[in-house]
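Single chain ahead, by itself, as structure tokens, in the form predicted on its own.
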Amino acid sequence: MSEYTPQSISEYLKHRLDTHRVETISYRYGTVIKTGDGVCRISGLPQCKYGELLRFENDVYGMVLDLEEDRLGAVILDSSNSVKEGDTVVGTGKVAEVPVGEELLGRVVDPIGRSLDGKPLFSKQFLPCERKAPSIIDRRPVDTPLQTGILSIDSMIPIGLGQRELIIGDRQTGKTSIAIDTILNQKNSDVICVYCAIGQKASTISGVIETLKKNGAMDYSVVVAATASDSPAMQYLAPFAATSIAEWFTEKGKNVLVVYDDLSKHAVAYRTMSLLLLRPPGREAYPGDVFYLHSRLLERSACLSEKLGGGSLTALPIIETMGGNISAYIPTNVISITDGQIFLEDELFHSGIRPAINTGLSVSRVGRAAQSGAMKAVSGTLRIELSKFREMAVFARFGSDVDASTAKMLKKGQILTELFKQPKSSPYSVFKEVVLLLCYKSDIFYDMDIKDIKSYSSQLLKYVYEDSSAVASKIDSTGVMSESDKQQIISSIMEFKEKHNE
């Protein structure tokens, strides 16, 4: 990801622990009784706690993940093979932590807080990777929209601040693109973004970072990366570390968006560690607590009460399916934990409808409570109209004659499908989304060829934005559209139509 080669995990953790001052902890030394494939069994450390960092000989570090009656199971964080049977090991008294604070904005770090972007990172504050989720009494309802800038999502599957909305679909269907576009759309919204890459190629993560830099999004973003070449233990820690970084901002009253890309690989990393630790395998060889793995992570996303500062943590977990099978083990687990899902369909993607959102299987369980007043006024029946169109389009393929009302429904469905097509890295403002949907409702595009709609709509948006700039600023900043604002927009749309037809 850069020419800079960071110091080893062991050296970094040794420096952190040596500079940390705590009360004296009395520990007996333990002994490694079995090791292999990045995990080991240790006897003689009865005081150890779950998640505690252990120091082996040669300053190699590990983390406790199994607490048995007479021994411990630990994963080795380093990729080093220097741990062998008979080595002595001592507990550090500290659980895995990650640096937090404003210093991380614009930075790329790994799950234990080492800089991966070639620049030194100085942070005086640290939080444990594993933390308790806010209790019910500490939360408030989700009622404020998080604008993604993607027309089909903001109008039909609205996401609210503090919500957990799953993005699910086969590989190469645009899941990451939706998450990145949502991050790009937060540029002027005071929402801080944390992107967590789990088990991806370093080149893929570099591409995401370049996209964020090119669009000026790194100024309000943090990237936490555990690449495919990192140990399963590091991949396991990554989303917990990213959430702790996000929680620091949330507890300061900020709104934060965290993207987990993706939790399928996270579950695989956890399965790898569990099998090596000889935990009993369950369905699809995953351990019995794989549901708890993701539930305790995603439950940390919430809208905090005003008493706790009123901040929010919104989660966009990503899950990869195989052959569109959303009833597999991990997808069904995460669907049941989250507040809705955006389902991306392979067939739609390859037919040129991008983002390839299947509106029938996609849902936001928070619903219209997380939608701005302006969007509510123009998006009421879109989902019903689109589902009717998709149903009728199947019959229309056979070339059978249809009556006038059905023909109109099919044409409007084609127009709506065309409007929902949106290129990558080009999110719409709230005002532009409202204008496009007002045009659709007013049948502005009805007499046009479908292929001309895109170029026509881009010219129309530019004209209406300039002609109604005061209304545009109001709607973009408040999300509210009065009746006079609506009439002003319709008037601008009609003026453009007359000029265009001259």
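Residues carry their position along the shown sequence, with the first being 1. The model shown is predicted, which means the values in this text are computed figures rather than measured ones.
In what follows, reference is made to the form predicted in complex with adenosine-5'-triphosphate (ATP), a form of this protein that is not presented.
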Practice task
Evaluate Lys214 for contact with adenosine-5'-triphosphate (ATP) in the predicted bound form, applying a 4.5 angstroms cut-off between non-hydrogen atoms, and reply yes or no.
Solution key: no
Handout entry: Any non-hydrogen atom of Thr176 within 4.5 angstroms of adenosine-5'-triphosphate (ATP) in the predicted bound form
Key = yes
Practice task
Using a 4.5 Å heavy atom cut-off, state whether Asp87 contacts adenosine-5'-triphosphate (ATP) in the predicted bound form.
Solution key: no
Handout entry: adenosine-5'-triphosphate (ATP) contact in the predicted bound form: Pro355, any heavy atom under 4.5 Å
Key = yes
Problem - Residue among Phe349, Phe126, Tyr329, Phe291 with a heavy atom within 4.5 Å of adenosine-5'-triphosphate (ATP) in the predicted bound form - result: Phe349
Problem - Listed residue that, although adenosine-5'-triphosphate (ATP) is not shown, lies within 4.5 Å of it in the predicted bound form (heavy atoms), from Asp170, Glu385, Glu299, Glu130 - result: Asp170
Problem - Which of 246-254, 419-427, 280-288, 105-113 lines the interface with adenosine-5'-triphosphate (ATP) in the predicted bound form (heavy atom within 4.5 Å) - result: 419-427
Practice task
Go through 319-334 residue by residue and record those having a heavy atom within 4.5 Å of adenosine-5'-triphosphate (ATP) in the predicted bound form; state none if no residue qualifies.
Solution key: Glu320
